[in-house]
Ligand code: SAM
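Presented below, as structure tokens, is a lone chain in the form predicted alone.
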Amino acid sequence: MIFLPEKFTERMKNVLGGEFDAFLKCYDLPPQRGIRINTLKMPLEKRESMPFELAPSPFAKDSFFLLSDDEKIGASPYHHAGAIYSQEPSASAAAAALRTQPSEIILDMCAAPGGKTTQIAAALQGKGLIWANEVISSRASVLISNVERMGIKNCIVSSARPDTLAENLPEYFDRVIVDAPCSGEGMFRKNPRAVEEWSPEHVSSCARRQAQIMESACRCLRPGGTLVYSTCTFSPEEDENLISEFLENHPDFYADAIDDIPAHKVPVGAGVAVKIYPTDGGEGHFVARLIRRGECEYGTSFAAVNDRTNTETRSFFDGIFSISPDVACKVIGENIYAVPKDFPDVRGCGVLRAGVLAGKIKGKRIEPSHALFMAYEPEMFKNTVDLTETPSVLSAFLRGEEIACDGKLKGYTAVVFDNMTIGFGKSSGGRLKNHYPKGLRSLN
């Protein structure tokens, strides 16, 4: 049983009125669990092949309720392959409201751990750019891990203050999403610590920080662009009141009506935002979509990146791929990054990762990275080992064990599960030396 703060329940009773009793009863129920399917790796119609009991979510077409409580999603090979992302379904509503189109340039201002970034990347279909920023560097490392696992090629990950991005990237993005740090009232069923940390003072502190982030976010957006603001809290100070005040101070923005998300409608300015309560089938989320007045051409071309491809890097790619990816190479220290040839060359923004970490230079050789194999389809690699029909061998591989392979294979080899690359190893003499990263290995 969850003991809710008295001041929280008093406020919610005033806000919800006759709906309060139904809202309160939800806290006697377990939290909603869900997954989102990564369409960069697997089409939605293949979900029936997964060993999970799912039901469609009303919040996004790629989001599903997980109906069984005992599923260990993180241990599933579908998770290891980057085909799924564990996400409470209402959390998918904000990225869906952004209405991303392929080839656009998108900023996720507060991106870790990566749920919305990876959802937007799937909507981009490998085109354009998703810039994922996380000011806390330790959380940014988790963001990078999820971007790599989900096979995203067209992503920049940075760790910078929002005002730094605004100064360096004014009016640069077609769309911006701010999933703002908040008081976390929508997390109460999932995270008891969120209840312990809640206070009216914390709500006020969050609202001040959110307003500052929005000031930076709007400066990054082009005229005619879309700005989505979301939180996982219910407090009006952090949600509709904040957006209404923002609109009063920024007459070049107006609120667009969100009418395709089944939840409580909340007026903001002349538009309508949505607030998802547990009674709506989610844990809790607020989403507002704002439009900046004016016009712009979406998907503006980038300045071409400096292509550092040379004989050594070309030979490295040719040794791994039968269909070589159309990328440019950036060499930073001992790391080689594969980036689309129209990627921007942006500095001064705390960039931690651009494109795909292809490999590391070790003396006179280049050792490929796990991220390189996760980013491309099995048919692009010269050597592959398919473990779809041998679950015990697949489990051994995910535990980091050496496995048997075709004796004809030699060199770096992609390991495949259900037509998705799940990792790689090095083949020689009928054995595959495992290169699955230690920090990602399964304990089962």
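Start at 1 with the first residue shown and count on from there. Computed from a predicted model, the values in this text were never measured in an experiment.
Keep in mind that the form predicted in complex with S-adenosylmethionine (SAM) is not shown, yet the notes after this line are about it.
- At a distance threshold of 4.5 angstroms between non-hydrogen atoms, C110 is in contact with S-adenosylmethionine (SAM) in the predicted bound form.
- Under a 4.5 angstroms non-hydrogen atom cutoff, S-adenosylmethionine (SAM) in the predicted bound form has G114 among its neighbouring residues.
- Using a 4.5 angstroms limit between non-hydrogen atoms, A180 touches S-adenosylmethionine (SAM) in the predicted bound form.
- Proximity of R139 to S-adenosylmethionine (SAM) in the predicted bound form falls within the 4.5 Å heavy atom cutoff.
- Judged against S-adenosylmethionine (SAM) in the predicted bound form with a 4.5 angstroms heavy atom cut-off, the residues L66, E88 and G282 are out of contact without exception.
- Contact with S-adenosylmethionine (SAM) in the predicted bound form, defined as a heavy atom within 4.5 Å, holds for exactly one of I144, I156, I213, C349, namely I213.
- V135 is the sole member of A122, V135, V266, I258 with a non-hydrogen atom lying within 4.5 angstroms of S-adenosylmethionine (SAM) in the predicted bound form.
- Comparing 311-319, 287-295, 363-371, 205-213 against S-adenosylmethionine (SAM) in the predicted bound form, the single stretch with non-hydrogen atoms within 4.5 angstroms of it is 205-213.
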